[in-house]
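Below you'll find only one chain, the form predicted alone, shown as structure tokens.
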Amino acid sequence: MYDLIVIGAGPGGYEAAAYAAKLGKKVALCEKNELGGTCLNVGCIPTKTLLRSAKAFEDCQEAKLYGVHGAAQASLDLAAVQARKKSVVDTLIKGVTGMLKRAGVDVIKAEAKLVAPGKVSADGKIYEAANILVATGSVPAVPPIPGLRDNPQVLDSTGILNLDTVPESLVIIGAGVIGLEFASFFATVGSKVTVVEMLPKIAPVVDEEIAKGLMTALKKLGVTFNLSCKVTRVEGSTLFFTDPEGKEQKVIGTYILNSTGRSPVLKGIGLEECGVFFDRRGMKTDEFGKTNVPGIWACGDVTGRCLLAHAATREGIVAVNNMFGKPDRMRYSAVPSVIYTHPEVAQVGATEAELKEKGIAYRKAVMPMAIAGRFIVEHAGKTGTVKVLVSEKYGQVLGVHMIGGACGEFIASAAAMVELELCVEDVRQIVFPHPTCSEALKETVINA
């Protein structure tokens, strides 16, 4: 009899399992594939490994700006990049394996399914637990577009990670985070990239001013955008779509990337048999991680709430705390997000559009990241922007939105400001190290 059985070993699942075990609980973790889930194996880590190689290639092309000559002749070996990606992933899987072992978690390498409240079937056996945490994650969504399925020219975000040569051209369906990161990578290393998006803007969850800045930067890389366009069908390597005037257009690519989002893994895990509430968007949970069935909890992408690895981890910890008597709740108002394009985009808190919709009075400050000397030193010829939104009445930091450099590395500072409800005067008293790009964040907050 376990205190907790976790189904799914992504960031939400394995962190929750290790945390519960460190609390002295008897824990089992079920995973049919490799430990680490989508993020570690076919998501966050592999894509960022590829993007780091693209950045190194980009640095070579721009080395003359820093007084370094001859580097522009550098070439990118995608097969070698893939080999490094595999090495990075393997190293991190070993790290997760060791962490779970040290914590005392029983890892069951098998597909698991709920058979009743408090019971899980895996590896031909029935395991019992006082609590079950479902963390089955998500898979690439496949919209009902004729010709998209069973087409060797169409890749999803998992399949494209296995290419060992740079395609001459790439057509991307969707201008969300996944599509934009791959657009940035392949455009940087030499592919002709075309993006087709049904919405009138890219990166729909990003503040509009920042999203426009990102599109401008990606266009400079050579990415072509077709916005307000609806894909109608795919024939081989040809994608057909209707433009904003309703006219049919087509674009041909060596490959077509379907990056239309992700769908929670809900089928075949026993939710119906146990009476757990869910719909196509995910399992229904409250702020404590509870489902409608006592003893069954959920975290991560399977809930459909916030498809970010770090959100999944926090949701898992919240669920563990509550199931073992420590009050805790998940708050989504200060969850930071990063798009790892070149340049990076990072944000936390409310967007300007959200504040307007809610009728919240606010002030804003928008400043160039180049007000920080470190940015000028490290990003010759590049631009960046920091946008800060504060409440009109108290000067409370409500939202921070940035583009430029490695702004994802210091968005956590902004997340702390939003989470702790700091005001401008509070931030003024915080000492930021000099010279760092993060100084641009402090200066922008003060100017708000």
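All residue numbers refer to positions in the sequence shown, first residue = 1. Computed from a predicted structure; not experimentally measured.
Below, we turn to the form predicted together with a small molecule, even though it does not appear here.
Novice: Has each of V27, V105 and I132 got a heavy atom lying within 4.5 angstroms of the small molecule in the model of the complex?
Specialist: No, none of the three is in contact.
Novice: At the 4.5 Å heavy atom threshold, is C44 in contact with the small molecule in the model of the complex?
Specialist: Heavy-atom contact with the small molecule at 4.5 Å: present for C44.
Novice: Does T383 reach the small molecule in the model of the complex if we count a contact as any heavy atom within 4.5 Å?
Specialist: No, no contact at 4.5 Å.
Novice: Report whether the minimum heavy atom distance between N258 and the small molecule in the model of the complex is within 4.5 Å.
Specialist: Close contact is absent here: in the model of the complex, N258 is far from the small molecule, nothing within 4.5 Å, heavy atoms only.
Novice: Even though the small molecule is not shown here, does Q61 get within 4.5 Å of it in the model of the complex, heavy atoms only?
Specialist: No, no contact at 4.5 Å.
Novice: Of these, E111, E128, E235, E378, which has a heavy atom no more than 4.5 Å from the small molecule in the model of the complex?
Specialist: After the contact test, the surviving option is E111.
Novice: Just one of 261-269, 287-295, 362-370, 145-153 has heavy atoms within 4.5 Å of the small molecule in the model of the complex; which?
Specialist: Of the stretches listed, the one contacting the partner is 261-269.
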